[in-house]
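Next up: just one chain, as C-alpha cells, the form predicted alone.
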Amino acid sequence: MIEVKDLRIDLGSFVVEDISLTVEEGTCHVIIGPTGSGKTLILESMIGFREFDTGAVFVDDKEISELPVEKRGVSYVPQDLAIFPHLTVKENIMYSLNVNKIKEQKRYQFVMELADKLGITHLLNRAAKNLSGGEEQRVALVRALAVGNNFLLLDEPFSALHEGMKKDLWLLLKEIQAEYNLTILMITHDLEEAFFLGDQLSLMINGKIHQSGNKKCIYQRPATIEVANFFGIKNLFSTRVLEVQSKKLIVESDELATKLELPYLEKDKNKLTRENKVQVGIRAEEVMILKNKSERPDRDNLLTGEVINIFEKGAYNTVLVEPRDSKQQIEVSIPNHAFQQLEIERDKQVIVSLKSKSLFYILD
C-alpha cells in the first residue's frame, strides 16, 4: 500500500496542498487533471527528486519521506522515459541493477522474463537511439521493474503515443499488474486512459484534489463544477429547490423553463432546503430522444424542443436540442444505429428525456 498524507509543495506563485490519497495493494490509482495542475510535482516528491514542505509518504506503513531515492522501494517512469541513447536496450535495463549492485542470477532471469513478457527480447542488443516510441515505453517499464519493486509511479507514460499503440500498452500494463501484483500510482490528463487503467481516481485542478474515490462514483457524480467541466459535461443547469420528498428532490430550472425530479443523497438532505440553489447536470450519453411520449411512458423529465444542430463523431452523433421557451441547449450523444432509427434532422421537433436516475446535483 502507498499512502500520501497532507502533502504540501510551496513554489511561491504555485502551491500544491492538502494532498492525501491511498493506493491499495495490487490496485492502480490514477491522478487525473489538466496540464499544469501539479500532478508531476507529487510523483517527484514521492520518489525523492523534490523536497516538500509538509506531509509524509508511506509504503507498506513505513515512512519513506527521508530515505534516499534508491532506498524507498518505489520505481519511477518519468514522462520523458530517461532512456540513455548511447546504451543498448540491455544496458539500459541492467542499469538499475548495476546502480543497486544486484548480481543475483534469479534477478537476471526475472528481468529476461519481463523482457519477454513485454515483447522486447529481440531488441536487447539494439542501440536505444534506434527505438520507436512504443519500444521505448516497454524498455522503460522493464527497467523500472527490474530491481523487483512492486510499487510503481508512472508519469503520463503513454502521452506521446498514437491511440492504437496506447491501447495495446494499456492492456499490457493491466496484464503485468495482475501477474506481478503491482501497486501503481499514475498520472495522466487522458480521460479514457484514466478510466481504463484506474481502480480509483483523484481529480486534481490548480494544485488541489477536488474529488477522489471509486471511478464509477466520480463518473456518475462529479463533486464540483470544476470536475464537471474537466469531464466536458455541457448539460449543467442552475436550479432552485422546490421540494424534498422521501426519495426524490424536485427543483425548478428557469434556464430550461421546467421542473425536474432527481434522487438525492441522504447525507445532503439537510442542505437541500427550499429555495436552495443547486446545479443539476447530466451526461450527454444519458439524455434520450424519444419518438413520441407514448412510446416510453416510464421516462421522466420530458421536454419538447427543436433540433438546432447535428455533429457526426464516428460511432455516435452529437445533437443539440433547444427546449421550448428556453435558450439553454441540451447536448445529446446518440449511437449511429439509434440515430438512424430516430430519423433526426435539423429544425425537427423532438421529445427529450432527462432520466431522473442519471441526473446529478452540485451544491452551490
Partner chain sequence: MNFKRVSIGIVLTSFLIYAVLIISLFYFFDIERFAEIIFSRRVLFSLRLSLITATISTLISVIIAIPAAYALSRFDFVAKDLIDTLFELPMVVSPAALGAMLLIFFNNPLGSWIQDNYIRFVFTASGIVLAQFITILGIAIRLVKAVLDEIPERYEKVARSLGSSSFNSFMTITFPLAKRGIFASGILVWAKALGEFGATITIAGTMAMQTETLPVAIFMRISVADITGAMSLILILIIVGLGTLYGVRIFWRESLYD
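Predicted model, so just to flag it, every value in this text is computed and none were measured. Numbering follows the first chain given and starts at 1.
Although not depicted, the form predicted in complex with its partner chain is the subject of the following passage.
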Exactly one of Leu124, Ala82, Leu191, Leu172 comes within 4.5 Å of its partner chain in the predicted bound form through a heavy atom, and that residue is Ala82
Note: exactly one of Leu302, Val69, Ala338, Ile308 sits with a heavy atom within 4.5 Å of its partner chain in the predicted bound form, namely Val69
Is it the case in the predicted bound form that Phe195, Leu201 and Arg283 each bring at least one heavy atom within 4.5 Å of its partner chain? no
TL;DR on 313 to 321, 326 to 334, 23 to 31, 61 to 69: the one with heavy atoms within 4.5 Å of its partner chain in the predicted bound form is 61 to 69
*asked:* When the contact criterion is heavy atoms within 4.5 Å, does Tyr95 count as touching its partner chain in the predicted bound form?
replied: yes
Query raised in the report: Does Ile47 make contact with its partner chain in the predicted bound form, using a 4.5 Å heavy atom cut-off?
Result: yes
- Task: Report whether the minimum heavy atom distance between His86 and its partner chain in the predicted bound form is within 4.5 Å.
- Result: yes
- Closest heavy atom of Pro78 to its partner chain in the predicted bound form, within 4.5 Å or not? yes
Checked 126 to 151 against its partner chain in the predicted bound form; residues with a heavy atom within 4.5 Å, sequence order, are Arg143, Ala144, Val147
